[in-house]
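Below you will find one chain, with nothing else, as structure tokens; this is the form predicted on its own, and questions on how it binds or moves follow later.
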């Protein structure tokens, strides 16, 4: 069972989301941007392997304007060597990658121009995965689309337009239940008509349940849509974001919730994609809890989390520090971190943590910098004070702070 995350690795400085403005598009700028994106993709994959993360969703933005008609650059040919090297690394390290076109890729639209653009976008994603020469366990995830006043007709439109895709796109495409329009039973119905796998999103199912709400029964049906050529069944997991719109993903995975889910579905040996805002941080946490890790790794993680926890609750900070010195293990450690991160903002704890972080600079900051920091604090604008510390951390190359998770929420 692989546990993975989508697109952005917060624990590393590498990124594949560099973009171009349409009005500034040129072949030269495009090639320069794609070169950097591909260079960083391999670094993210190396980071994942180092941390035993073997499931990863590649950003749709990796090839700027990949499906736009402005882009007629033969990028797959130009970057054939780089793409081949990335693909070889994926295969050599038993990684599984996927892609997920955005909300505007609507294959069942009643508007022909929208469908044409959707087909172009699916084919772009297919071309990228094909260029990596990865097998057909590497998938493209798509929602059915809109209802448009007639759900039966909308499903039929998807089925009809699916047959307009290339042979490779048909083998890569999988479909997912969503939080409003198409529940898991309706998606399974479409799957049965076109014989492609279904990815089951547990949060979407909670928002938009089918008549049968027994998850294990649903998983049996979903698993049957996956052949040996498709690989292990894929699931999407997130907790619901408290106080936000229907279907909004949580900031982080709640460890105990995930553990219960993982143990329930383990009989099917699925791959689980986490769809949460803290991306690889939750993936590492879940891997450490479910697969185990040593005390040294937890100490390294605590070094990254400590100021994030401290600014929420000094009591939790002390408790986590105590746990890390014992043999209680990753579940106790991460559960206490979850508790801290779930707490409301506390001005006192926030300010106290600023003082701790300031200690890295108090002997090297200029008089002007010292004055600026204390003026921010005195004014009560603690977020500006923290942003100022981030600037100082970059200026003075304070790697301990920069490599921690302290500045990620800015």
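Positions refer to the first chain, counted from 1. Predicted model, so just to flag it, every value in this text is computed and none were measured.
Below, we refer to the form predicted in complex with the DNA, which is not included among the displayed structures.
Student: Pick from 348 to 356, 42 to 50, 364 to 372, 63 to 71: which stretch has non-hydrogen atoms within 4.5 Å of the DNA in the predicted bound form?
Tutor: Within 4.5 Å of the partner lies stretch 63 to 71.
Student: With the partner left out here, if you bring back the DNA in the predicted bound form, are 106, 384 and 391 all within 4.5 Å of it by some heavy atom?
Tutor: Checked in the predicted bound form: all three residues contact the DNA.
Student: Quick one: from 152, 111, 160, 269, grab the residue that has a heavy atom within 4.5 Å of the DNA in the predicted bound form.
Tutor: Only one listed residue qualifies here, and that residue is 111.
Student: Under a 4.5 angstroms heavy atom criterion, identify the one residue in 220, 195, 180, 315 near the DNA in the predicted bound form.
Tutor: Of the candidates 220, 195, 180, 315, 180 is the one lying within 4.5 Å of the DNA in the predicted bound form.
Student: Any chance residue 1 has a heavy atom within 4.5 Å of the DNA in the predicted bound form?
Tutor: No.
Student: Is residue 206 close enough to the DNA in the predicted bound form to count, meaning some heavy atom within 4.5 Å?
Tutor: Because no heavy atom of residue 206 falls inside 4.5 Å of the DNA in the predicted bound form, the answer is no.
Student: Does the DNA come within 4.5 Å of any heavy atom of residue 402 in the predicted bound form?
Tutor: Outside the cut-off, so no.
Student: Evaluate residue 329 for contact with the DNA in the predicted bound form, applying a 4.5 angstroms cut-off between non-hydrogen atoms, and reply yes or no.
Tutor: Although the DNA is absent here, residue 329 would stay clear of it in the predicted bound form, with no heavy atoms inside 4.5 Å.
Student: Using a 4.5 Å cut-off on any heavy atom, which residues of 6 to 38 would contact the DNA in the predicted bound form?
Tutor: Heavy-atom contacts to the DNA in the predicted bound form: 8, 15, 17, 18, 19, 21, 22, 23, 24.
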